[in-house]
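Look below for two forms of one protein chain, each set out as structure tokens: first structure 1, then structure 2.
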Structure 1
Amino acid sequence: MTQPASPAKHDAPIPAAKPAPDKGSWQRPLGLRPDVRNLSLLGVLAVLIAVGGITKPDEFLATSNLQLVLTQASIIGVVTVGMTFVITSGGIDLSVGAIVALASVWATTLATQEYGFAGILFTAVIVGLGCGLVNGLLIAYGGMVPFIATLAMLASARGLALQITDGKTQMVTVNSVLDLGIKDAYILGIPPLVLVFAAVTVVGWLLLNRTTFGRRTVAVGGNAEAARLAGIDVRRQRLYLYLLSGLCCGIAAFMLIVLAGSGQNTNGNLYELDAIAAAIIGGTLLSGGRGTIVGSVLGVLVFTTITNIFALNNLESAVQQIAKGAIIVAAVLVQHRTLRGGEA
């Protein structure tokens, strides 16, 4: 009687099935944990405050100066919140400064000011959304590279702003708008513009970290093709992101109108560089897939404090730009090192 063949003694055992990957694993940042990174930025900010307090104690630590720092940080901070979403998705927006300029001058024309506070605010927001819509359509549905599309918007918006103003400053005559910038409007010593920035920051944090929209943004930035195969409409998501960036620019333009009391075609100069730099040093990955609103806000505060310290000490703006550039390079190098360490 034939015996059944026994299994070979040297057959390799069948490997156990690998556990399914955690669905949320793609959201985990590599390298430094967000809390460690934010604590590091807080440490840098504390050092800068100490430097300012030592070099110019009377001027820097004055309540009026601290209010000024927060107010200046608020305008670029709102722009940075929108920029953080765009960069997290793997995109870039070089047109934010020009959009702020265009929105500010369009909202301060005599025809617009006839409609008062609501007319100025509505115009600034609509112009920002309109520019964001153009950017989004060109990039998401036109197939243009974000760098090129937003660079074209930068040139076009600056040119249109110059044409509207004819190179002149447009003064605001609506008292209800100007009153927001005076000390009588401060709430418990906090300027209204700072409260607007705080509200935008909270909404941005919730949107990025607690909603499907935020998860889709991270997914598109991490791997757009994988996001598409997972059922995400990548093109529509990108359109929404540039609309969001345009909305933030419109809000920032209105805040700038309140602060300056005027609209100029030179408004928002280099805002795009400041916003990108603040987001990067805050921990947002330039290649996409990771973003942090809290880190971006801390980055804005670091740069604004540096600017204020340099101004109080009468240091040349060239030295200030060199210092900012060194911080950006250091932040990018840290990102690369931590990413390589996380992938090892």
Structure 2
Amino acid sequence: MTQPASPAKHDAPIPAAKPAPDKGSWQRPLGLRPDVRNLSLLGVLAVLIAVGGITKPDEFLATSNLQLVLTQASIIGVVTVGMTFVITSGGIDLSVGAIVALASVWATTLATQEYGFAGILFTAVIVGLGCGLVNGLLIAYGGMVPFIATLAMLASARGLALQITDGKTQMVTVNSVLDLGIKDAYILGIPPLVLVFAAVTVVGWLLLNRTTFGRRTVAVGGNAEAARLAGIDVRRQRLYLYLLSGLCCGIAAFMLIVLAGSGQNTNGNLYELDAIAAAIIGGTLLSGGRGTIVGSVLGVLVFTTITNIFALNNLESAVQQIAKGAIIVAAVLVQHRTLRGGEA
């Protein structure tokens, strides 16, 4: 608010630039106006479910398979929620997979395991936050381009993870952690990891759509200069966003430890690409200014369901990759069609 002459400026560029489509949703009483992009994604998901149901009726629709699909979506899903915020602000975080790897191996060192469940969880989250802090400081206050800063983090976090493990698999011996991944821990038939994913999704949605923090994120992504003129501390906002992404990676690392029962320096391989792809398919603009948590989660579910159907039908990995690429293209094309139709 140091710029008295700004009202005209910040009124004009902020909402008029990229966040425009979201302005409407803020004004609705519940803001639950179904997004056309999300609807088209739901359509894609429905087609996939039909394909799964037709090709493998007994296996695909079984409760245990739904539990499996949701569990497998959970870890990358949590990372994608954090990524959605970063991309919405016009940034990118290429280091998520490496942060997951570093957090998971640090949290599974013998020293950490001595403190049991809390020690592992705490270490994973702190390492995630620490990496996010470094990313955030480099980008927000060091003036580095997010692509470069997080690329550097990718390299160094992976290197550190390799150094900590020396290429070895670190087995987890803390039973309270291992038990979280076993059927006995399911709550009303829902695996705990899926509940964590659901909680992160809800918090992420509220944060993006219902808080000043969310509005600032969108504003920074839409037009950083206008946001600054409107009185938003853009640098601090950016710092918070990379911290948030790091936090999500820390949580995901803990979830991965539960699932795999170990820490390995190869963990989180290519998560950055999966998370970016899911967010973009979900309708978050790579150039910033528009983000949707629901879309990102649907994007993750589409990917996981595809993988699941392929595995159930015993497809070869080469065929799986080709088909996955084709489906990504198809999903985005369908979205663009629907979007043009919807907004015309």
Partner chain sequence: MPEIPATSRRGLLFGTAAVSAGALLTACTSNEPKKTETAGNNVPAADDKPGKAVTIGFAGPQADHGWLNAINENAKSRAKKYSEVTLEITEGSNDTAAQIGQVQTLINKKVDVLVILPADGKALTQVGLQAMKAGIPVINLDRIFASPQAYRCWIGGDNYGMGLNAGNYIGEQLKDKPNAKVIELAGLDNLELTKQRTQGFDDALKNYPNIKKVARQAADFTVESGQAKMAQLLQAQSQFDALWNHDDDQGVGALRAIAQAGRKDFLMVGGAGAKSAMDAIKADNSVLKATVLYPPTMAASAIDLARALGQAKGVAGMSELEIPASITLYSAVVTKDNVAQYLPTGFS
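In this text, the rigid core denotes the largest set of C-alpha atoms whose superposition between the two forms falls within 1.5 Å. For residue numbers, the reference is structure 1: its sequence is counted from 1. Computed from a predicted model, the values in this text were never measured in an experiment.
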- [ ] Assuming the other structure does not fit, state which one is the form predicted alone.
- [x] 1
TODO: Please check if residue 60 moves between the two structures, taking a CA shift of 2 Å or more relative to the superposed core as movement.
DONE: yes
Open item on the list: If I align on the rigid core, how far apart are the two C-alpha positions of residue 328 between the two structures? Answer in Å.
Closed with: 4.4
